[in-house]
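Take a look at this single chain, the form predicted alone, given in structure tokens.
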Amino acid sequence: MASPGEETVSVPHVGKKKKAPSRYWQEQQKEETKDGAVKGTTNPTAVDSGPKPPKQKKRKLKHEQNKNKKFLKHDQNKNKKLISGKSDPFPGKPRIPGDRLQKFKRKNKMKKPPRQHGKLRKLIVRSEEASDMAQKQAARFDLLLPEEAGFLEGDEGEDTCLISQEDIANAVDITSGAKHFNLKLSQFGPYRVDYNKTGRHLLIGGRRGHVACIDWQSKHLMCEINVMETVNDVKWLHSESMYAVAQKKWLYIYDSNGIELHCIRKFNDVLRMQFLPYHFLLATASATSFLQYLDVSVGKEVAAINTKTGRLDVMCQNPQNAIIHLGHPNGTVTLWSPNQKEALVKMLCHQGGVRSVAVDKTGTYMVTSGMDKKLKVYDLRAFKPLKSYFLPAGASCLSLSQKGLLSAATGDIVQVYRDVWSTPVTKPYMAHRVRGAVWGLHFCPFEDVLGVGHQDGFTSMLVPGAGEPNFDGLDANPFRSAKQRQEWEVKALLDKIQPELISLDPTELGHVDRATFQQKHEDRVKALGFDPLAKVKFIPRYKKKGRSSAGRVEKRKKQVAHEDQRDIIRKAMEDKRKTEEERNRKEQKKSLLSSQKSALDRFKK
């Protein structure tokens, strides 16, 4: 029994509450509070007995508190612990290397307008912020593309050009080894070759009428026909469902099942073809000296240009600006656009006739071969020759890969060269002999494969380092399904570029035509009788309470005039500073050179 003075305490079992398991952040807070209590920094029971601070001081205190909160948050993020209890060794966002940021740089920073144009200023700031964000995101996502092109490397003292295709096929894995094969088609050769944009499908056309399209990776034959007529060239159109065949008389369009869709009689005696994928244009060069453009999306002829240069059997396109390059028997190469009836550029490249032309994917370099047995590399930015090589038998066919490898066919030997425009080349990177004279060369996109069409059929060569390892899935996806192809086709047709926009310099579209603008402005001034863009004379607003006296009005006028003058003075000072810096730099350089002693100084009197 308990004594009467004591209270009975009943502890029921149901009322008991279990302690929640403590988390690491709660333990951290407890430790901090304990440390604070020991040191005397934080005391929640302490009451300020002093006088209350005035309102202004309160505001200052609040501002300081907010600042402290921000710093505390930053420190918490910095020392944030992981689930394991360890602190993050790399807090914050990962640093992006400067060279990678430079790779995705879009534009230089614009000069901000004065504060009077607030709306324009905000727009420029927003656009620059969006551009910076896009640049950083692209640089970060570049880490997801780790694939690199691997080149063939021989042992010490071994030439890579002596390594045979059979050795390479045996050394690589089974999938890559299966990409080297031969099609013996001696009955209908020689053959023209073309791979589609994704690099999945192969189209071959024999001189004697044999045409076949193949899914070359799975070795599935899609269709095979004999047109019973001479075939000059074959070319895939926008997708693997349609292709064009330049036959003896006219141009024909077939589908992937070999069914004839169109016979276009306006395009007669066609010898070579090129397809412009972003414009949906099929460009054809004929034996009658005509260069014609066919819009395959609507089936209409866009342009027909009489080049007046004779038979056109050498042709290629610049992938960067969609300009057509034609080679002629007099040794010249001409550049053409569907918007002009005359050649944009004429270049004298060889002393004999031009045999083949190729342009790299960046549109910077052009490689030509001629009857004078020379192989020349030109810089298309300045239209000047960079390198010239002598081939004993000359090159009849040229082709450039996505990574800049050059393949040149001389008779029945195919040679592949590396870094043709950057360093002088003394020997080929690879070489292979085929059966019969080569008639067509084409590198497969996104694969280390070179397709060779020759007298005895077709050969698929393995060329390590030729293809681009990282593909853009929205533009050319080698693994797309039929549904994805349909959707891509619709989007591509909506984004089709008009032929009027094809020009030698594609960046011209972003420039303002100042001469035309000035002419239009002058016409507008004549029609209106006054200049609508002229600056209106500043008239000060009338103010009451004696603020519009003559002196004050004059003062305000001078203030506005000074603001305009300041910009001019600032610009003049900036130019002056730059010229002075340049002069000082030159003087320093001169003094350094003069201070250096020469061996010839002892002969000075």
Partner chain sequence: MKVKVLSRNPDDYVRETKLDIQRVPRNYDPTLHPFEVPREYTRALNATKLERVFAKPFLASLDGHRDGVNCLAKHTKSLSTLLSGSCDGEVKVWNLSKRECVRTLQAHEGFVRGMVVRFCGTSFFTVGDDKTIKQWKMETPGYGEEEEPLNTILGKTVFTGLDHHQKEGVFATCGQQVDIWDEQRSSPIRSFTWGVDSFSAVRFNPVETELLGSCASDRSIVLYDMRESAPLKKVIMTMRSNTLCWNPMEAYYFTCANEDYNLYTYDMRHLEKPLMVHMDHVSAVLDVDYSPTGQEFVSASFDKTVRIFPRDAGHSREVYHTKRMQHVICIKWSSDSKYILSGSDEMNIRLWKANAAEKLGVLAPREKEAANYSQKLKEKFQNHPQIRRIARHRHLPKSIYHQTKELRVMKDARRRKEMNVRKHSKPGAVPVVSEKEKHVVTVVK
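Just so we're on the same page, rigid core means the largest C-alpha set that superposes within 1.5 Å between forms. A quick note: this is a predicted structure, and the numbers were derived from the prediction, not measured. Numbering follows the first chain given and starts at 1.
Only in words, not in the display: the form predicted in complex with its partner chain, which the text now covers.
Checking G436, G467, G440, P428 against its partner chain in the predicted complex, a heavy atom within 4.5 Å turns up for just one residue: G467.
Between its partner chain and the residues K179, R272, R208, K376, the one pair within 4.5 Å by heavy atoms in the predicted complex involves K179. In the predicted complex, its partner chain lies within 4.5 Å of some heavy atom of D475.
R95 falls outside the set of residues with a heavy atom inside 4.5 Å of its partner chain in the predicted complex. In the predicted complex, none of the heavy atoms of D233 sits within 4.5 Å of a heavy atom of its partner chain. Under a 4.5 angstroms non-hydrogen atom cutoff, its partner chain in the predicted complex lacks N108 among its neighbouring residues. Partner contacts here mean any heavy atom within 4.5 Å of its partner chain in the predicted complex, and among 420-428, 219-227, 358-366, 253-261 they occur only in 358-366. Residues of 97-122 placing a heavy atom within 4.5 Å of its partner chain in the predicted complex, in sequence order: K103, F104, R106, K119.
After superposition on the rigid core, the Cα of F517 moves by 2 Å or more between the shown form and the other one. Core-superposed comparison between the shown form and the other one: the Cα of F104 travels 2 Å or more.
After superposition on the rigid core, the Cα atom of R126 is displaced by 2 Å or more between the shown form and the other one.
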